[in-house]
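Here's a solo chain for you in structure tokens, the form predicted on its own.
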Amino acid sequence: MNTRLFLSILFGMTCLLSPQAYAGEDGLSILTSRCATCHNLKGPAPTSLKALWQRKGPDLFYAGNKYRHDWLVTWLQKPVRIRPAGMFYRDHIKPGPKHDVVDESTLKPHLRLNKADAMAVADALMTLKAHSNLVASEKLTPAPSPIGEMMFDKIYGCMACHQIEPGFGGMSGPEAYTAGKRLQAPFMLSYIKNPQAWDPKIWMPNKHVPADNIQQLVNYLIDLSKEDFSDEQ
């Protein structure tokens, strides 16, 4: 085989393996072929602790009721970790005298998409709308939240698991300071009201937060997400 022919064949094989080869593929096909090994696209949520611990990424079968489309498009092109210690905290913490030190070597980078594929996947995710009944009656009343931070940090103890800025707060849950950019307000209202309605075995406790306080918490999270923490990361 001459050198030119060999290089042509090699280049063709490389293209088949390259992420660019997926350009133009519809979003649902990308989800099925590239995301389904880590994400649950069809439901239901885990119904046992064993299944919950085996979860590799967040369930996506209700993504259309959870995420903001614009955030998905941006994040899928440049994914950054939202859970400092991965999906299951215990698996990614170093043993030793200092607590909450993440073993970065145990965490894998997320798939990165080009702009066209990110748009296609975001569009597809918006069609996955399981549990629409849980958000149908939820409506946020935008208002100042003078004690929202106190509720989050002190009254309900949310900071034990969630960070309100990079490096400040718990490590076992997703960061809170980007929640207002990532999540739809009706989802946040509903999830705080009853996490187990969405995820029966999730370890986030139901604090039985009164409706007015839930409004304050979500308004606080939205205001928090408007702060610029880029210099702290």
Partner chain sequence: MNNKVVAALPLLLALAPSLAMAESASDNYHTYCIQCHGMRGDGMGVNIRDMSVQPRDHTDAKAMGGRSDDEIFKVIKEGGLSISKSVLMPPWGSTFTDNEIHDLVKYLRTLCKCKHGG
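Residue numbers count along the first chain shown, from 1. The model shown is predicted, which means the values in this text are computed figures rather than measured ones.
This next part talks about the form predicted in complex with its partner chain, which is not shown.
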property	result
Candidate stretches 167-175, 64-72, 181-189, 37-45, one within 4.5 Å of its partner chain in the predicted complex by heavy atom	167-175
The single option of Leu134, Met119, Ile93, Met126 touching its partner chain in the predicted complex, heavy atom within 4.5 Å	Ile93
The single option of Lys154, Lys139, Arg112, Lys115 touching its partner chain in the predicted complex, heavy atom within 4.5 Å	Lys154
Partner contact for Val80 in the predicted complex: its partner chain, 4.5 angstroms, heavy atom	no
Its partner chain contact at Pro205 in the predicted complex, heavy atom, 4.5 Å	yes
In the predicted complex, Gln196 touching its partner chain (heavy atom, 4.5 Å)	yes
Non-hydrogen atom contact Val101 with its partner chain in the predicted complex at 4.5 angstroms	yes
Those residues of 47-74 which, in the predicted complex, come within 4.5 Å of its partner chain by heavy atom	Thr47, Ser48, Leu49, Leu52, Trp53
